[in-house]
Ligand code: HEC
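As structure tokens, one chain now follows by itself in the form predicted on its own.
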């Protein structure tokens, strides 16, 4: 029955559409009696009523997940049931000419129920105040910190970060994964996937989810929501690493020079916002359509980064041609490419010999390739790079030191490289970069497919 509950977000839009169209036509008929929508109105309201009923049934299954505030979800359920009942009643009375005098009252009731039910649904999905969340500067709600050393690390620094970036999905009104991050006791308790902040800092579930690539389904916060800045991530890692105390002051917790710098910035202006890959796009000429056509024919997915820009994202996932001819064509788009995903096992250093000419490149992924430190030397010349993923390649951690000169680099994914003993030193040399060097140790859940072998 779980799959039925997951259909609720899809089904719930059907009654909204049918009923709004029906109410608009009915209102038009009241204003202009010459309009005759009789043949159309009854089927429209019947479909709306049936869709409302199906939405109620699927919603009841989703309600049992325990991921939502009981009071809000109960109101949403009650209003949804009332909406379905009134919809059927409206449909029935449309066919009873003697009862049509009550239809305007039912139409008003139906409109009010639509608004209230939708409001509670939006609150469950996006949190309270969801209509104004995009126009509100949440940093204005932060407590002013005059002396960072006397601040309570969790209450004055970590909790405001969680409130801004996490609580909309993990708060009192919605608990995705049965996890709440709006209360210290509930943070310690964790959710259905286990403890959130226990263990070594880099192994803690909270940090592991934050450090996943933004395109990963498990990445938190979801990529469509506001992302944590590098300073915010550094503070959360430090808090977990030092025992995730809920009461200690900053001055009572050991800190290195990099954390001291982050704290200083936090006190002066709040954590710096992550500069997302969509910001401040340069203006470039449009790509040669013949080159784009040729590369798409070769299996390369080419998409514009926005409707108002000529910049492009290239994904080589379906490319089978390993010849240099294709790479010469890719090089012709060096002015337009800002995202390049080339996670293919046949890619070698020679394929990327001109990568340093892609001056606007901000994100590159080269996992499971044969590239070496020679490519890193070229990447170090790309001043606009924000994210580099070279996991499971022939690059070394020592070779990655060359990236230290990239001031805008924020994420470096370097899992399972050869000289793992040097990984810790690399992190120290890149204090402003989130360096991921260890594969995740994901536990097997009950919901996973597991093979049980019985031995005698």
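These numbers were taken from a predicted model, which means no experiment stands behind them. Numbering follows the first chain given and starts at 1.
Below, we turn to the form predicted in complex with heme C, even though it does not appear here.
**Q** Considering 341, 93, 237, 165, which brings a non-hydrogen atom within 4.5 Å of heme C in the model of the complex?
**A** Only one listed residue qualifies here, and that residue is 165.
**Q** Between the options 196, 87, 117, 369, which residue brings a heavy atom to within 4.5 Å of heme C in the model of the complex?
**A** Selected option: 196.
**Q** With heavy atoms only and a cut-off of 4.5 Å, decide whether residue 205 touches heme C in the model of the complex.
**A** Yes, residue 205 lies within 4.5 Å of heme C in the model of the complex.
**Q** With the cut-off set at 4.5 Å between non-hydrogen atoms, does residue 191 touch heme C in the model of the complex?
**A** Residue 191 belongs to the contact set for heme C.
**Q** Residue 225: heavy atom within 4.5 Å of heme C in the model of the complex?
**A** Looking in the model of the complex, residue contacts with heme C include residue 225, since a heavy atom lies within 4.5 Å.
**Q** Spell out, yes or no, whether the shortest heavy atom distance between residue 220 and heme C in the model of the complex is within 4.5 Å.
**A** It does: once heme C is placed as it appears in the model of the complex, residue 220 has a heavy atom within 4.5 Å of it.
**Q** Answer yes or no: in the model of the complex, does heme C come within 4.5 Å of a heavy atom in every one of 169, 177 and 210?
**A** Yes, the whole trio is in contact, each within 4.5 Å by some heavy atom.
**Q** Please determine, with the chain shown alone, which of 298 to 306, 330 to 338, 76 to 84, 178 to 186 has non-hydrogen atoms within 4.5 Å of heme C in the model of the complex.
**A** Only one stretch passes the 4.5 Å heavy-atom test: 178 to 186.
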